[in-house]
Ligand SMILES: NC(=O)c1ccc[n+]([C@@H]2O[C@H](COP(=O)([O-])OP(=O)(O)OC[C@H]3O[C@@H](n4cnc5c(N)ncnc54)[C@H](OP(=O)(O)O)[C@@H]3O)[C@@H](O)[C@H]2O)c1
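The chain below stands alone and is given as structure tokens, in the form predicted on its own.
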């Protein structure tokens, strides 16, 4: 590993933090850097690390163009490491952080099944803040899907026992990273122009104008994370669909309760919960209007509504007719998973660094 730390922004200031971001050129890494840029944190140095093919690129941070580097700096002495990359390298980074005694925030899911590693969801007065965050050497972040579900389930759990959750997740091309976005764009253009389709992208097959079962999420990770958060007695079933949209994630949830919960109480709890935004019936997508008078307008929230939003949008709350009254509810969630994860990472990191 290199002794140099490309990306320095002048000399250190009193109390300023030195941060490392692995996977800085990916969608999550870029969103995280953007959120750090917007923050008022005192940051004297930021190093962005990526794979060899990204070396030579730059990224903007607080008015400076910083170089993307491929070699790791010596980690000892840094204040926090964010891991936004994937693959076997993650565990190597974690081991090096432990040796260097540098706190590490894993955004990849590699550590989420380790019960000794904190897995924080909501923070703040209304959240289940974990005091271990302040001193834990390693902290795991749940997936964006788990984070969205957990935020909603925590709001409901205070009013009724949750016995079972069944969810179908609709993932956009952004779940497959930049390659997924490029693949969807190229496939769509080829189909419109009646040209030969490009080579299959990261989904393993074409996704434009199609729906791919099982794509975009890791159901096992989601189940394990929810069991950690709510106990193994909670029954969880997760299915995924890859849909031909560029951004956002939608989830159709069916929740089975141990006792009846009235609609008014359910909606009031969701409306009051931190991190949730209850969207009333009406026009779903920004700028969308019914094309014919008298035709029912689509109800939201849609994935376009969620783009760039760091809350979980909730709507279409309906009773499940297969269960007795008040015991089952169907709920629709729309999120920007990249934004949601980056925002949560900043809040957890702020707690760890004493900045929040």
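Residue numbers count along the first chain shown, from 1. What you are looking at is a predicted structure, and each value in this text was computed from that prediction instead of being measured.
Not on display, but discussed next: the form predicted together with this ligand.
Looking at residue 148, you'd find every heavy atom of it more than 4.5 angstroms from this ligand in the predicted bound form. This ligand is not drawn, but in the predicted bound form it has a heavy atom within 4.5 Å of residue 175.
At the 4.5 Å threshold, heavy atoms of residue 44 stay clear of this ligand in the predicted bound form, well away from it. Interface residue remark: residue 26 is counted as part of the site for this ligand in the predicted bound form, having a heavy atom within 4.5 Å.
Shown alone, this chain has one stretch from 27 to 35, 324 to 332, 302 to 310, 59 to 67 that lies within 4.5 Å of this ligand in the predicted bound form by heavy atoms: 27 to 35.
With contact defined as any non-hydrogen atom lying within 4.5 angstroms of this ligand in the predicted bound form, the contacting residues in 321 to 356 are 337, 338, 341, given in sequence order.
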